[in-house]
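Given as structure tokens, the chain that follows is alone and in the form predicted on its own.
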Amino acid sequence: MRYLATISYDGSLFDGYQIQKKGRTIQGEIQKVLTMINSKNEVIIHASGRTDAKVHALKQKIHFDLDKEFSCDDLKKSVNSLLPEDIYFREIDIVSDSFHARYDVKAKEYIYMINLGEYDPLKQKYIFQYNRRLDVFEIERALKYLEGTHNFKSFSASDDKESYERTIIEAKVIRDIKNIDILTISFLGTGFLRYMVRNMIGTLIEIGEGKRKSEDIIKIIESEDRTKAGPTAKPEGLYLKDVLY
């Protein structure tokens, strides 16, 4: 029986999503629990995509197969009772055997949170502590240049991809009127390259600092050269917000 689960996790104490020989991972912790529930027959989970060390997820999606059918509510309770406190199964549904959590994705949304105000030691694992002002208007202008279908090689981590073409459906600033010091930037797209969001954020911060102009995004994309873009932003402020099918 194939199940689709919506999960949340605090990435602070993980070495990333993907299982490794050494190090604590989200995939490793979940597979250990599901294998136990599955009468100790190994269970391999498949996610919508990997997240890096210290990156968080609000609604990551995974699918997995179990040898017998469980009530989704009972399975959720069992899994959550065995998982560590920094991973939580929010929802479980039964899906067809042809469903795939990665290959059936229509879009993903990532958000990145930046504290422009005073340093907050309680949030330093969850919001990037920039602690200075940025030109948010110029950042918003730059985001519009990122929208659409482009070759995003300049914002990619490596040169080993057959295609760097991705589509960003919407890129925007989300304003929090209750806390004007928190700048949240959202990217909704059909897919993302490794470090793509963090590399775009690093470039947008430079634009907000006045080191670059918003229209420089056009030249950066056209260059297809990683060295032309800004630095990779820290992982702590990045969240996989949702996955759409």
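Everything numeric here is computed off the predicted structure, so don't read it as measured data. In case it trips you up, residue 1 is the first one in the sequence shown, and so on.
There is also a form predicted together with a further copy of the same chain; it is not shown, and the following applies to it.
At least one heavy atom of D176 is located within 4.5 Å of a further copy of the same chain in the predicted complex. The closest non-hydrogen atom of Y119 lies within 4.5 Å of a further copy of the same chain in the predicted complex.
Using a 4.5 Å cutoff between non-hydrogen atoms, K153 does not count as a contact of a further copy of the same chain in the predicted complex. Within this chain, E140 is remote from the site of a further copy of the same chain in the predicted complex, having no heavy atom within 4.5 Å. Put simply, of K125, K77, R133, R102 only one has a heavy atom within 4.5 Å of a further copy of the same chain in the predicted complex, and it is K125.
Here the chain stands alone, but in the predicted complex its contact with a further copy of the same chain, taken as any heavy atom within 4.5 Å, falls in 80 to 88 among 93 to 101, 162 to 170, 144 to 152, 80 to 88. Residues of 9 to 28 lying near a further copy of the same chain in the predicted complex, listed in sequence order, are Y9, D10, L13, the criterion being any heavy atom within 4.5 Å.
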